[in-house]
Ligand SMILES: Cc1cc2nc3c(=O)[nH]c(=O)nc-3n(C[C@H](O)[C@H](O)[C@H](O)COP(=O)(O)OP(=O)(O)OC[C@H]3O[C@@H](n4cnc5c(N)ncnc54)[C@H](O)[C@@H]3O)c2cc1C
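This document opens with one chain alone, in structure tokens, the form predicted on its own.
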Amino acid sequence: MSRTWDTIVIGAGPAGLAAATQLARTDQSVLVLERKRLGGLLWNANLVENYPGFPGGIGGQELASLMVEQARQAGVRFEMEEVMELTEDAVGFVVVGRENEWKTRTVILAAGTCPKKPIFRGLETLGQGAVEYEVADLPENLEEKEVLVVGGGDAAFDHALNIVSRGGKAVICHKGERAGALALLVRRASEEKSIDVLAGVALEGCEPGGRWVLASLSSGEVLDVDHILLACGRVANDRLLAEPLPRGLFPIGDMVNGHYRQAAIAVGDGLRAAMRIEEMLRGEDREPREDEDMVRDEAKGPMKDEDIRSNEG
């Protein structure tokens, strides 16, 4: 732990990657810590169509890979480790992981969100891999596999399209009479022969059934599926946030943006935080403007349920 970094970025989604790339370009020493995948939730996106510069859209995994490669070329260092604790010290901060500790002058907290984990009867009896919360955790080859997707929001319908693109079949069930997803995604799903949509139907329970998972629905139907994918919304991963917000700690991205969870917005957050840190480390820090005070105030507390656009539908 002898080296002190200029900035440690916690989270390697679009916000964290954009911030790290910008800081490395200004000759700051930058370390990015990520517990799961470099690229964050982009790995779940079937097609990103609203990110500037890609007419016709770009696959989420491809966009994630390009962002990571750009950060590496800029000189960003990566470590795969979950951060357990963040404390202040005389220099700045101590970042404590499961295996290692690091010192840093500033921290960008881009920890993103966590999936909501609703409880269904029998869920705890299923083996590993039978139930997932991210489509990226399903097997890459889903040929001849059937996945029950629970939820009616954008994520659920995009996940279903992702499953079909990998050779599988998807059944979407949502308890609302109408899906909450974008009409564009609903229309695309309706055009896919390998996607069935069950509206006004909820998952009530599940149990092992040989090589299948038996999913009991509120309609009385029991489905034999290979996997269950729960897409029932996400909440802020804000456990490392302190009150009051310390100087030198910058929470950004999906963690603080409520339902405005878009890659382009997250990238803008990352660039702004990087520019503020550059000013701070050069000794040119200034008092935050009124709009910056507002951003910091919003970041002090967790997202409220009413601020989260549910994916359950």
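Not measured: the values here are computed from a predicted model. Quick note: we count residues from 1 along the sequence shown, nothing fancier.
The protein also exists as the form predicted together with the named molecule; that form is not presented, and the subsequent description refers to it.
Residue contact check for residue 49: one or more of its heavy atoms lie within 4.5 Å of the named molecule in the predicted bound form. Not displayed here, the named molecule is approached by residue 35 to within 4.5 Å at the level of heavy atoms in the predicted bound form. In the predicted bound form, the named molecule lies farther than 4.5 Å from every heavy atom of residue 146. In the predicted bound form, residue 196 stays away from the named molecule, with no heavy atom inside 4.5 Å. You can rule out all but one of 273-281, 241-249, 23-31, 257-265: in the predicted bound form, only 257-265 has residues with a heavy atom within 4.5 Å of the named molecule. In terms of contact with the named molecule in the predicted bound form, the residue from 107, 71, 111, 172 that brings a heavy atom within 4.5 Å is 111. Proximity to the named molecule in the predicted bound form, defined as a heavy atom within 4.5 Å, singles out one entry of 88, 204, 81, 132, which is 81. Shown here without the named molecule, the chain has 155, 158, 159 in 130-161 lying with a heavy atom within 4.5 Å of that partner in the predicted bound form.
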